[in-house]
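Starting off, we have a lone chain in the form predicted alone, written out as C-alpha coordinates.
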Amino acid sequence: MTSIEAQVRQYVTDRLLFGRSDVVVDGETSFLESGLIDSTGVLELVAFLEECFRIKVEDEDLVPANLDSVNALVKFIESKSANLINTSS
(Lines give C-alpha, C1' and ligand atoms only; values in the text may rest on other atoms or scores of the structure.)
Protein backbone atom coordinates (compact mmCIF):
# COMPACT_ATOMS: atom_id res chain seq x y z
CA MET A 1 0.00 0.00 0.00
CA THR A 2 1.41 3.38 -0.98
CA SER A 3 1.53 6.33 1.36
CA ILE A 4 -1.10 8.04 -0.78
CA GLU A 5 -3.41 5.05 -0.54
CA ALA A 6 -2.89 4.82 3.23
CA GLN A 7 -3.80 8.50 3.65
CA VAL A 8 -6.86 8.14 1.43
CA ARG A 9 -8.01 5.03 3.31
CA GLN A 10 -7.54 6.83 6.63
CA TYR A 11 -9.67 9.72 5.36
CA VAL A 12 -12.37 7.29 4.16
CA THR A 13 -12.40 5.53 7.52
CA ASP A 14 -12.44 8.72 9.57
CA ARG A 15 -14.70 10.96 7.47
CA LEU A 16 -16.90 8.73 5.32
CA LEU A 17 -17.27 5.72 7.59
CA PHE A 18 -16.98 7.77 10.78
CA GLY A 19 -14.57 5.18 12.19
CA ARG A 20 -16.94 2.24 11.69
CA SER A 21 -15.04 -0.99 11.21
CA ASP A 22 -18.09 -3.06 10.24
CA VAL A 23 -18.21 -1.56 6.74
CA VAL A 24 -15.74 -2.89 4.19
CA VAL A 25 -14.55 -0.52 1.48
CA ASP A 26 -12.27 -2.09 -1.08
CA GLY A 27 -10.35 -0.19 -3.72
CA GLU A 28 -13.21 -0.21 -6.22
CA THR A 29 -16.16 0.45 -3.88
CA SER A 30 -18.12 3.38 -5.32
CA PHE A 31 -18.59 6.09 -2.70
CA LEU A 32 -21.67 7.38 -4.53
CA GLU A 33 -23.38 4.04 -5.19
CA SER A 34 -22.75 2.84 -1.64
CA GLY A 35 -24.13 6.07 -0.19
CA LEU A 36 -20.89 6.94 1.58
CA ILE A 37 -20.66 10.42 0.09
CA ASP A 38 -23.03 13.18 -0.96
CA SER A 39 -22.44 16.61 -2.51
CA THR A 40 -21.26 18.10 0.78
CA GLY A 41 -18.97 15.12 1.25
CA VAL A 42 -17.46 15.75 -2.18
CA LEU A 43 -16.63 19.31 -1.16
CA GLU A 44 -14.99 18.05 2.03
CA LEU A 45 -13.07 15.44 0.03
CA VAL A 46 -11.79 18.13 -2.35
CA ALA A 47 -10.65 20.25 0.61
CA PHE A 48 -8.81 17.21 2.02
CA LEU A 49 -7.10 16.51 -1.32
CA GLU A 50 -6.00 20.10 -1.79
CA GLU A 51 -4.72 20.47 1.76
CA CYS A 52 -3.13 17.08 2.27
CA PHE A 53 -1.62 16.53 -1.18
CA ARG A 54 -1.10 20.17 -2.20
CA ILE A 55 -2.94 19.73 -5.49
CA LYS A 56 -5.54 21.93 -7.13
CA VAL A 57 -8.82 20.19 -7.96
CA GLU A 58 -10.33 22.00 -10.93
CA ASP A 59 -14.03 22.03 -11.79
CA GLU A 60 -13.40 19.64 -14.70
CA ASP A 61 -11.79 17.19 -12.24
CA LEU A 62 -15.05 16.78 -10.31
CA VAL A 63 -16.13 13.56 -12.00
CA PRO A 64 -16.69 10.08 -10.56
CA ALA A 65 -13.77 8.70 -12.59
CA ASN A 66 -11.47 10.78 -10.34
CA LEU A 67 -13.21 10.82 -6.98
CA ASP A 68 -15.55 7.84 -6.58
CA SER A 69 -13.33 5.15 -5.05
CA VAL A 70 -10.05 4.66 -3.22
CA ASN A 71 -8.34 3.44 -6.40
CA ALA A 72 -9.71 6.35 -8.45
CA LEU A 73 -8.50 8.84 -5.85
CA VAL A 74 -5.01 7.33 -5.74
CA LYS A 75 -4.70 7.49 -9.54
CA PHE A 76 -6.05 11.05 -9.59
CA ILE A 77 -3.66 12.25 -6.87
CA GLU A 78 -0.69 10.56 -8.54
CA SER A 79 -1.61 12.15 -11.87
CA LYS A 80 -2.07 15.62 -10.38
CA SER A 81 1.16 15.29 -8.40
CA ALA A 82 3.09 14.23 -11.51
CA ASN A 83 1.69 17.24 -13.37
CA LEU A 84 2.89 19.55 -10.59
CA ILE A 85 6.38 18.08 -10.77
CA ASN A 86 6.48 18.33 -14.58
CA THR A 87 5.27 21.94 -14.67
CA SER A 88 7.65 23.12 -11.95
CA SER A 89 10.74 21.65 -13.66
Partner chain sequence: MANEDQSLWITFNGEIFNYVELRNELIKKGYRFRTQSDTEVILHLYEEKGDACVRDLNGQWAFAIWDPKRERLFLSRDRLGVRPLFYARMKEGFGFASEIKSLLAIPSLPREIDPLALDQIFTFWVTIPPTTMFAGISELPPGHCLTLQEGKIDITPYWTLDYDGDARIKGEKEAREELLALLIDAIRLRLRSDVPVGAYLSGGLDSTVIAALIKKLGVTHLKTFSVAFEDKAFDESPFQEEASRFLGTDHQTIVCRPSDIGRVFPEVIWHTETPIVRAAPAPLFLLSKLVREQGYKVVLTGEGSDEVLGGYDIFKEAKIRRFWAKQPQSKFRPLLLRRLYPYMKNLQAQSDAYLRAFFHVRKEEINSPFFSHLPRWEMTSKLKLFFSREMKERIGSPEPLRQLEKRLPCGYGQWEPFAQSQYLETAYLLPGYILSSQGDRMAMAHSVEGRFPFLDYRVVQFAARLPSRLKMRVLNEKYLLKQAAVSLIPDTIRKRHKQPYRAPDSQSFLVPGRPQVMVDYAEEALSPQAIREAGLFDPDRVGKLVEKVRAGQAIGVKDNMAFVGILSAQLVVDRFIKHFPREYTR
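Residue numbers count along the first chain shown, from 1. What you see is a predicted model, and the numbers here were worked out from it, not measured in a lab.
Omitted here: the form predicted together with the partner chain. The next part is about that form.
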4.5 angstroms heavy atom contact with the partner chain in the model of the complex for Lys75: no
is_contact(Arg15, the partner chain) in the model of the complex, heavy atom dist at most 4.5 Å: yes
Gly27 within 4.5 Å of the partner chain in the model of the complex, heavy atoms: no
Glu50, heavy atom within 4.5 angstroms of the partner chain in the model of the complex: no
Those residues of 29-49 which, in the model of the complex, come within 4.5 Å of the partner chain by heavy atom: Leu32, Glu33, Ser34, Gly35, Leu36, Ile37, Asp38, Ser39, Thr40, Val42, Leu43, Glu44
